[in-house]
Ligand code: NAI
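Quick heads-up: it's one chain on its own, the form predicted on its own, in structure tokens.
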Amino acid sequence: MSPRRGAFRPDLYAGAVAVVTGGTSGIGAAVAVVLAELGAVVHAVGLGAEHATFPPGLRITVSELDVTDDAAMTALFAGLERLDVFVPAAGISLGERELEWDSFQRVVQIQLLAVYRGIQLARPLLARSHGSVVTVASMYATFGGGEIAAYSSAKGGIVQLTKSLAEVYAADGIRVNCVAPGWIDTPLLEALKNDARIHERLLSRTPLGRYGDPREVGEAVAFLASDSAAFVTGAVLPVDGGYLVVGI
């Protein structure tokens, strides 16, 4: 069954400004499209910006940015007059190499430290608009992964960072929530989908019986950042087709 469309008012984010890191591909790009379709002006930043493509007519600006470059991150937020939604979605996984010290540090730097730094830089703007942060964790924050130790550790950290900042930032009128995607149909999933044994195992454990569409993560983000979730903060919303509720 394909995802339903038209679940939100088309002007839900009219007049709003959003920043999505990792917004040039994958889940981040899908988040950027959903927010822009709902009326937001979206700054989609990340690596490989020259290859990013978006539907015509959407107010999405694309720029190259390395989230570990503190000067570039500082300049990004210093150049904004307004910010309503910040989605730090940039991330990488290096597979078994993550058990090596240099690789472990790099993954955690991108997936956790740069997320906190971005939120910290966004805070003054978000306080003015009483805006929202929506972080991106993973199902691996719940059960870990031996072959992606740094990724799993960082995503577990994202969950606790979300809850911690939800408490701290509430005084500024800023809500901080999190989505935790499961198996989402992005190019990163291709190798697993092409392995018949793994493909069957993943879908057999997913009650909804399919992979998620990146847009479905974007729509979950749109809900959490909207006024419809005005009394929701510190929440972690799985977007995984029920994968986490199934026992071994």
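Please read these numbers as outputs of a predicted model, since none were measured by experiment. Start at 1 with the first residue shown and count on from there.
Omitted from view is the form predicted in complex with the named molecule, to which the following refers.
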Of the options I174, V85, A122, A137, which one has a non-hydrogen atom that comes within 4.5 Å of the named molecule in the predicted complex? A137
Ok, L38, L65, A220, I60: which has a heavy atom sitting within 4.5 Å of the named molecule in the predicted complex? L65
Is A89 close to the named molecule in the predicted complex, meaning a heavy atom pair under 4.5 Å apart or at it? yes
Taking heavy atoms only, is I184 within 4.5 angstroms of the named molecule in the predicted complex? yes
Is Q111 one of the residues lying within 4.5 Å of the named molecule in the predicted complex, judged by heavy atom distances? yes
Given that the named molecule is not shown alongside this chain, does Y169 nevertheless sit within 4.5 Å of it in the predicted complex, heavy atom to heavy atom? no
Only one of 129-137, 77-85, 94-102, 161-169 sits within 4.5 Å of the named molecule in the predicted complex by heavy atom distance, namely 129-137
Looking in the predicted complex, the residues of 25-47 with a heavy atom no more than 4.5 Å from the named molecule, listed in order, are S25, G26, I27, G28, G46, L47
